[in-house]
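The chain below stands alone, shown as structure tokens; this is the form predicted on its own.
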Amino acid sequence: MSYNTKELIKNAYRITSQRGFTALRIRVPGGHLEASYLGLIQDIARRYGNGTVHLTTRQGFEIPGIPLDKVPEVNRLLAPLLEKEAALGVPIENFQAGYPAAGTRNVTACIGSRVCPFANFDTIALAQKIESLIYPNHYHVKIAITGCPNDCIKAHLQDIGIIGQVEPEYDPGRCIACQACVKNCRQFIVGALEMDNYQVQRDGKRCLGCGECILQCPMAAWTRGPRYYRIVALGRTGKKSPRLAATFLEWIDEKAVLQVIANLYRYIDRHIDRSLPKEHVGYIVDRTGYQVFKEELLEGVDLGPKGRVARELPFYGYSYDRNLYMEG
């Protein structure tokens, strides 16, 4: 029995090393799933797969060992998960046909402020908003969201990483000059705080907006002000020039974040090399140049009074040409 492998991949199935069998990728936007759906995933794995489930690095599930001729049956069973996607605002026409795309990867997120005291916002809620904005789509894009600069989700390894920021507000009348916030920022963060005449001074250009000064203060002299976001862009792993993402924008609001991501897809559509089966965003930017990328992603975007944009992206990747640095 022959199959159109391109269509199979678009339907969120893998081409595997076992002839005649495939593996299904299940999306979990933001890595957050109601427990009731776990029974459905278990049922598919037992009835159609090899009885196992793989937890992917992108916070989804992968069910291996599914016979290719069982794909239509499995797709029909996926209807409740697709209905959940539709409830987020994702346009899905046929709930019985399985996933309509797999190019844009699952939007990942740390657990955020629903659980973590370090997180500056609800990461899961933002992930689900972004899912409704970008899915279904065949362009190969990876987006991750983290609630603070600790970056538990590894946003710096993604095409687009979104990092929560908060503007700490200082009440000198409550401060006892214990320097708990200053010492913590100097030792573990960026040294944005200094003590001057028994009051704490914050360097706004150095501050990451992590909010740890708020958590460290025993007198509540620091409180949470407005929430903002930092976007890091063009991180990648892989075989060609791996690199960490660099800060593209900072101190912007949620509306600006969503507009930038919508613009990203328009930028890809204009400049992608259609002769290739897929092309990562970073390679497109390498070809068009950063200034074109910046101009097109900021089209119609209001950065607000505090927003800042990078003049250039300072990439510090490494080379696979080991002759450059290996001895012998």
Partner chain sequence: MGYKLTPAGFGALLDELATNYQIFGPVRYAGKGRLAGTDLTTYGPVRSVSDLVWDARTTFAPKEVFFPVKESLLYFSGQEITEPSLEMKETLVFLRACDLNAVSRLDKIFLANGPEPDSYYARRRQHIHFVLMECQEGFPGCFCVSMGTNMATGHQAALRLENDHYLLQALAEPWIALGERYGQPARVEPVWVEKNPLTVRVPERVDIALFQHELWREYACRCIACGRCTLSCPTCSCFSVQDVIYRDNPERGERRRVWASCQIDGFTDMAGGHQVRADRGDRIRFKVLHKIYDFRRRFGINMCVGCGRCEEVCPEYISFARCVNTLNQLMEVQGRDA
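Numbering follows the first chain given and starts at 1. Fair warning: this is a prediction, and the values are worked out from it, not measured in the lab.
The same protein has a further form, the form predicted together with its partner chain, not shown here; the description that follows concerns it.
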Practice prompt. Using a 4.5 Å heavy atom cut-off, state whether C217 contacts its partner chain in the model of the complex.
Written response: yes
Discussion item. I'd like to know whether A119 contacts its partner chain in the model of the complex, with contact meaning heavy atoms within 4.5 angstroms.
Written reply: yes
Worksheet item: Is I176 close enough to its partner chain in the model of the complex to count, meaning some heavy atom within 4.5 Å?
Response: yes
Worksheet item: Does K255 reach its partner chain in the model of the complex, with heavy atoms at most 4.5 Å apart?
Response: no
Worksheet item: When its partner chain is placed as it is in the model of the complex, which of 136-144, 98-106, 234-242, 165-173 ends up with heavy atoms within 4.5 Å of it?
Response: 165-173
Worksheet item: Just one of N184, T247, T223, S132 has a heavy atom within 4.5 angstroms of its partner chain in the model of the complex, so which one?
Response: T223
